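Form predicted alone, single chain, as structure tokens, below.
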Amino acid sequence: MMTVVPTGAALGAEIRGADLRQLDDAAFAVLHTAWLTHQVLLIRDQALGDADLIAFSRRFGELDLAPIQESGRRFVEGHPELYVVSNVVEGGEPIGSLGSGEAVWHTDMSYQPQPPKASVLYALEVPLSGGDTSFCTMYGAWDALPDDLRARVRDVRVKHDGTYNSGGYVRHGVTPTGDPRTAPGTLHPLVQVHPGTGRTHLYLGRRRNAYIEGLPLEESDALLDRVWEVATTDGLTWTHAWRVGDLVLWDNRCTMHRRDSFDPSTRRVMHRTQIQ
């Protein structure tokens, strides 16, 4: 029997008793509703091959092709939808992206005109400690803003920078610039309404090189700093310590996430899909 167990934090729930290779339509409907309600779902003890991971992810919608990694590699051979998140180096070449350092608060691929609505991350190898992933509710962030700050940001758009990924690496084929107004990226409304729930939430992306359209750079930075200070307070977060076989699904529209650093001499291998 599948059950939904909330984390007790500001967001997140664990799905127990599910084999994601064998979900019937009724069970998937329960899981889908739990995802919209809790924003992040953890499903432990899965035994998924790459095809299984893709098939499960595709039940939520069309899948993006994996972005090009820092090394210039694009995808797992035969599975262009899979993105490898790893610090492992084989034959002198990284097999994945983001290394072993901290990954700062971000929303996946928000520099694109149509970012994915959801991300799925599946753990194949994990270190004994470190590499935990934290999630932050953007519903809660909107609710927590003081009235004056809500009024300031309700109708603004933010430039989401496409220069750097969440690990601080320059994206493949991009030349860095010191001015966020001229950097590659996309403007998105800072305040949005979720199409699946009707709830209002912030959409921040990542702080580095962000810019509020039409403001002097110093004023934009000051306003964004105020918003980010409220939006990433500990009371709005939940942190997950990974085990092999864990799958985590999150709503990319109304959450942000970050990763703790870990010992670079240990191995961490994850496969990710992203859903439109």
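Just so it is clear, the model here is predicted, and its values are computed rather than measured. Numbers follow the displayed sequence, beginning with 1.
Omitted from view is the form predicted together with N-oxalylglycine, to which the following refers.
Taking L190, L98, A123, A118 one by one, only a single residue has any non-hydrogen atom within 4.5 Å of N-oxalylglycine in the predicted complex, and it is L98.
Residue in contact with N-oxalylglycine in the predicted complex (any heavy atom within 4.5 Å), chosen from F56, W250, Y211, W238: W250. The chain is drawn here without N-oxalylglycine; in the predicted complex, the stretch among 140-148, 169-177, 101-109, 87-95 whose residues come within 4.5 Å of it by any heavy atom is 101-109.
Shown here without its partner, the chain carries W242, R259 and R272, all of which come within 4.5 Å of N-oxalylglycine in the predicted complex through at least one heavy atom. Within 4.5 Å of some heavy atom of N-oxalylglycine in the predicted complex lies at least one heavy atom of T133.
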